[in-house]
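What follows is one chain in structure tokens, specifically the form predicted on its own.
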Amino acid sequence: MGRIVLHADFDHFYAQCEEVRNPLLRAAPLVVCVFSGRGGDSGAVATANYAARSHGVGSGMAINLARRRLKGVPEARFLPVDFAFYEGVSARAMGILRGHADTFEYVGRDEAYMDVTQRASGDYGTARHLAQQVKNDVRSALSLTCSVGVSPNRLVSKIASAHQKPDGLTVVEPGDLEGFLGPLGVRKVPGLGKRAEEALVAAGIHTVADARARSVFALSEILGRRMGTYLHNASRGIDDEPVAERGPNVQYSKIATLERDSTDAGFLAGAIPRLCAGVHESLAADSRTFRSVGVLIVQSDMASRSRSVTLRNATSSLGEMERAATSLLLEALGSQEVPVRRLGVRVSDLGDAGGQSSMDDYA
């Protein structure tokens, strides 16, 4: 019996949550924002509904740019993120999805994988019915829409779930893998970013079918061995990674907007103790240890960079967290030219990570 995997992806999730809380928002462009705390429109767009997207507003965009694009739309609304509310809605939604799966894998607040091989008995007609039931149950219980992809593996299901957004359902059976993937642009392959796309296009590779026509050696020359091998397999719909049970949290993090944009290493390093203290407080409350430490740098142009390190042993030490985070920051600043606006510290590889909630704190 071949595998059948569903990937469910909630459409503009944060904005949908706000629309459920206030149905009057559904008809207008809605932008959910992470305000920086500096006042005014400093910060970035977390997500936007489809009415706002039609005006060119998208995730990661500076709020002031989003306002300019919606300047002629008086009914447009800008709301601050409410992660506590979204987390509660997500928990209910994931409970519904879990009830339809043989094996359930939480990915984030708004997406999950479900292996339904056994309950669908390997039949794609039954799997389509299950996917539609997932959508119906979520809509009935929470007034939310989600898009679902159905295929023999995680990779193709994730691509399929984005194929007919919003509120879509796309089924790709084993015999249709290459036909479905072929016409898609290479950027549709998860994990391929803008730079990879530019390199592929420069080599005359625009679609997945174009990539499939090249040897693994040719792709490796363009992207490097790891990504070249990945694209070689992905272009053929090959993905053997299983759906694996895991809880909704694998890390604790704290992110803060700085008093001023800066490239000064001393000033930036001075923010590390406060960030680490916030993370450590959450860890201590839950009696956790960590083994991996990371730092996130968000530049004034909203581009982001991150670095991480795995420690030799698991620890709960605030001092070790600070030392590792400071070292990572200083290493990253060696090539920093654009001023830094926000800094974050995260820890992962937790001593007891299963089934916990994400600690994403914004200051």
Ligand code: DGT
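Owing to the predicted nature of the structure, the values given are computational and were not obtained by experimental measurement. Sequential numbering from 1, following the sequence displayed.
Although it is not shown, the form predicted together with this ligand is what the next lines describe.
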Considering this ligand in the model of the complex, find the one stretch among 52-60, 298-306, 22-30, 321-329 with heavy atoms no farther than 4.5 Å from it.
52-60
Answer key: of K165, H206, R98, R92, within 4.5 Å of this ligand in the model of the complex (heavy atoms) is K165
Using a 4.5 Å heavy atom cut-off, state whether L333 contacts this ligand in the model of the complex.
no
Heavy atom to heavy atom, is D349 within 4.5 Å of this ligand in the model of the complex?
no
V34: touches this ligand in the model of the complex, heavy atom cutoff 4.5 angstroms:
yes
Could you confirm whether E18 comes within 4.5 Å of this ligand in the model of the complex, counting heavy atoms only?
no
Just give me the residues of 5-32, first to last, that have a heavy atom within 4.5 Å of this ligand in the model of the complex.
D9, F10, D11, H12, F13, Y14
